[in-house]
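What follows is a pair of forms of the same protein chain, given separately as structure tokens and numbered structure 1 and structure 2.
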Structure 1
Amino acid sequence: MIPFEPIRLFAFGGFNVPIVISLLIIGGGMLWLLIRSLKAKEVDRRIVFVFIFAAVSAPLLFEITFDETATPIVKGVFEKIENMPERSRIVIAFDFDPAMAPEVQPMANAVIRHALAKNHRLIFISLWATGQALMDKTISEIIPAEFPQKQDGIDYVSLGYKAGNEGVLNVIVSNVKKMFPTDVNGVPLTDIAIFNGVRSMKDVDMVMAVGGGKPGPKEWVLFVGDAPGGPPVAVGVAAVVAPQMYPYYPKQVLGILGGIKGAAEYESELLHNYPRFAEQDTPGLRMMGPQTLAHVVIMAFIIFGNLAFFIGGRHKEKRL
């Protein structure tokens, strides 16, 4: 498959011409629709589809992005990782499949970069069979290229996938080695430096559970975070799951990265604090362009539709 490459922008007088033209076309079209709405004129639904298409495709083609500011619910996760002592142990759970990956993978990437930049130690784990392949791919793509000095077993380790759902969590909350006698490479945990002094999940400093199904972030909160002496838990979830996690914040979860918006906020906070990552891909911020512009267009159509409805009603009353 040929990877998608956005059209390279050309500038004139400090302006990116394709972006300006795209926004002028969309803005001009919306103004035309507003005028038609004020005159109570009907608009063919195909016009609506054309505008949604333009609002989504323009940011993808011309890399139109919008700056994000981390909200407190996202910043809580960032500040926890930022302020923990160096060499803290963070468990990162990959409990998702390829279908969910476009939404939650950017969260995992940003958190991994942040944790390694702070010289923390990472323990990777998955309760989903599909999670191990995604986890292995992430480790192989990010760590050797961006953190070549980090060593497997000392700075990070992958325990891989373990079947058993919540049963796995019930065991590792008191004894990790009973459920995971070795890492994914078959090395006994007793021979891995990162596990020196770690008997259970209560001995790690934080859990970052990324996913959106069951078992997933909710189960990590209930079975590990809520256990007596359990570690603080943060979650990164698909947008449709985020409302289910809000009742647990802030007492039971440090913070919530909800959907691609949460990923974009974390990426933005990371870039503001660590300019070294400016050259790295930020899919969360990149995907917020089409999402934001499409939502603006949809809201405009809602407003125009209501205007047309009320103005049309008044015209009917005058005729009567």
Structure 2
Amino acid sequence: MIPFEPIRLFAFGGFNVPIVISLLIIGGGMLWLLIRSLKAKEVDRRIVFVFIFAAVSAPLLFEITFDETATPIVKGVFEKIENMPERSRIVIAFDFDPAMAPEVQPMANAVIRHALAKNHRLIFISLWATGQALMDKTISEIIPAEFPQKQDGIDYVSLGYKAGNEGVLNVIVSNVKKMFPTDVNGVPLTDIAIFNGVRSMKDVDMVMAVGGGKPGPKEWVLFVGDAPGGPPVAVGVAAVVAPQMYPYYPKQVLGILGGIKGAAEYESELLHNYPRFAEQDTPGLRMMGPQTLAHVVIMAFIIFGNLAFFIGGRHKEKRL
């Protein structure tokens, strides 16, 4: 386990001057505002703006990232993959398009890395025509470079895209071959080692559905996970869709990776447990940098506002 670090300073692999300076400026500014608030002085809105600007641009420029602690809803997914016996079969569904990719692609990447590091086997599938290209790209970018010993057909296989939306799920939940007689390269499923003993989706050990539209994670839960004998399903969704998925947790889904925050939590959990990924790009954590700092700034301002308000003798603010 990497010991806990609140802020990882790894832009230049070590002590990083610009990060320290920018954080000192922001922190010092906050301190100054705290003292002002304790004197019951109000802050001009432009000062709020400056802090927001700094809080968003500093992490962007200097790659400041914050260590995330996985919340139970994300940890559920991580621990399932971690604790399954080796060589378990995991289905990864790519149900998204390039527009949604910035938010959900990091989740797919993190889960793929984790599963392969754990020596599980992966089955890729897409219900979106636009998903297949993203899937091919992901496979060709991650596997040969990071897991050169993994072989197509033995350790992973891509089934490609199939039209028919949730109808496809309805079929593969009882028979995969009927919908996908071959994999994406035209090899019959009967010749693919992963599918030995896999007749339907009920025979895989887990489904990780990544997406945000329809058909997508919700359909995987309803048509595959909820089918009698269906596999456990975990989902990764865009932030706007996450509230619609919450009602399924924890009864029907193992866990939910919601938006970039969910991706960041998973990445950080991965980094904690697998030092080998320390050099990997972690877009989730990277994109959470500005978010976290901005949220902290906003929360700090809410506290300042209340301090000023109470110390200032609860003066009437409203006109009229």
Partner chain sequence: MKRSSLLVLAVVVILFAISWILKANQLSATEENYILEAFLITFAAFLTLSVLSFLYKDNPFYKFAEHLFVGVSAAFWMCLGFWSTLVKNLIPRLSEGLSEFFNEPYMPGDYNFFFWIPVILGILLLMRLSKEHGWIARWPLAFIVGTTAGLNFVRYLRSDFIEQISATFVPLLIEWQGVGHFFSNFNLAIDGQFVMMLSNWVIFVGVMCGLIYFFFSKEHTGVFGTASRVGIWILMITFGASFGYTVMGRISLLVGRLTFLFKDWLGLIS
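Definition used throughout: the rigid core is the maximal C-alpha set that superposes within 1.5 Å between two forms. For residue numbers, the reference is structure 1: its sequence is counted from 1. The model shown is predicted, which means the values in this text are computed figures rather than measured ones.
Taken from the structure described as the form predicted together with its partner chain is structure 2, whereas structure 1 is drawn from elsewhere. Of the two rigid parts of this chain, the smaller turns against the larger by 18 degrees between the two structures, per C-alpha superposition. Once the rigid core is matched between the two structures, the CA atom of Asn306 is found 8.5 Å away. The two forms, fitted on their core, place the C-alpha of Arg46 7.3 Å apart, compared between the two structures.
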